[in-house]
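Next up: a single chain in structure tokens, the form predicted on its own.
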């Protein structure tokens, strides 16, 4: 009787969320799957072709190149993002002078639009008019000066760095919240027992923040697999496809070639890849709850 009453109370609260999920996720997903089973002509007519789009996709080298670049952005970006974010968050969780100012500085890039950040870094990366190469040359490091966005060897890392620079503030704020939630009595007990700060960080803080780190890792993978805006504005997928991601490839196919069916098939595969990657990561990183 009591449980039935609880259910009656909970259901009205769930209805708005379920409605939003249905309208903004399930319906577009079903519609995208439906589009992927059709072939579009440039005149706008469509013809049902079944799974032919997926068969074409399985032999498309451009798709596999974009998928490889997307995973490289995820991998390179995780290396650029998590170590500095963790270090800065740990530093900001300490009692330091000017803590609020430093929090503002690290979070400031987040409020800038993707277009503004992309254009700013496009200028900074410019081989002759930008600021990076002249700065390197003035320090006697001219050998490190590159055509950052024009060289296939550096373009992907350069684009990934801009994406990480723009969003790192959010991850730092989340990690700061994780550090602040740690039980101070446990940390104090470890220090009284003679553990140094590095030992406290490695053996106590990190294990107790495992669930948060797992969630952040999954969020990063899902976000980076959707990479589009920075790549499109900075390089457009070039040079020679070295920064082409699944998102930019899908956009070109849909709006340059008007092949919406093929683009929808790419989108469906990308959703499947994201769900699989999130599930695998959750399975690999999940551990038993800590008791303390």
Partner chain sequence: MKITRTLLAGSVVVLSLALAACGGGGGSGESAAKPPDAKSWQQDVKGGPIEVGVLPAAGTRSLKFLEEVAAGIEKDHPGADLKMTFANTKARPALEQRWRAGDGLDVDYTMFDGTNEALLEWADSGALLDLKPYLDQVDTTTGKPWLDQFSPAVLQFMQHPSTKKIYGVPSELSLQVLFYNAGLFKKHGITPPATWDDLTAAADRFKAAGVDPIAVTGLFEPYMGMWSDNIWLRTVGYDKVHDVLTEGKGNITDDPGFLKGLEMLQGLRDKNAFLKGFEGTDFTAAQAQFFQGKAGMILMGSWLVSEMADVIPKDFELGVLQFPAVTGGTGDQASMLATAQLMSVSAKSANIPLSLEWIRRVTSVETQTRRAGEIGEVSAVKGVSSPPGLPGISDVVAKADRLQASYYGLLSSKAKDVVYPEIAKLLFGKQDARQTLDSLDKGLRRVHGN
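Bear in mind the structure is a predicted one, so any value in this text is a computation, not a measurement. Positions refer to the first chain, counted from 1. For clarity, a rigid core is taken as the largest C-alpha set superposing within 1.5 Å between two forms.
Below, we turn to the form predicted in complex with its partner chain, even though it does not appear here.
In plain terms, the part of the chain that comes close to its partner chain in the predicted bound form, with a heavy atom within 4.5 Å, is 126 to 134 out of 205 to 213, 126 to 134, 183 to 191, 67 to 75. The three marked residues, 49, 114 and 179, fail to reach its partner chain in the predicted bound form, with no heavy atom of any inside 4.5 Å. Site annotation in the predicted bound form: the residue of 9, 19, 272, 284 reaching within 4.5 Å of its partner chain with a heavy atom is 19. Looking at residue 58, you'd find every heavy atom of it more than 4.5 angstroms from its partner chain in the predicted bound form. Taking non-hydrogen atoms only, residue 234 approaches its partner chain to within 4.5 angstroms in the predicted bound form. The closest non-hydrogen atom of residue 196 lies beyond 4.5 Å of its partner chain in the predicted bound form. In the predicted bound form, its partner chain lies within 4.5 Å of some heavy atom of residue 150. Shown here without its partner chain, the chain has 258, 260 in 258 to 278 lying with a heavy atom within 4.5 Å of that partner in the predicted bound form. After superposing the rigid core, the C-alpha of residue 10 moves by 2 Å or more between the shown form and the other one.
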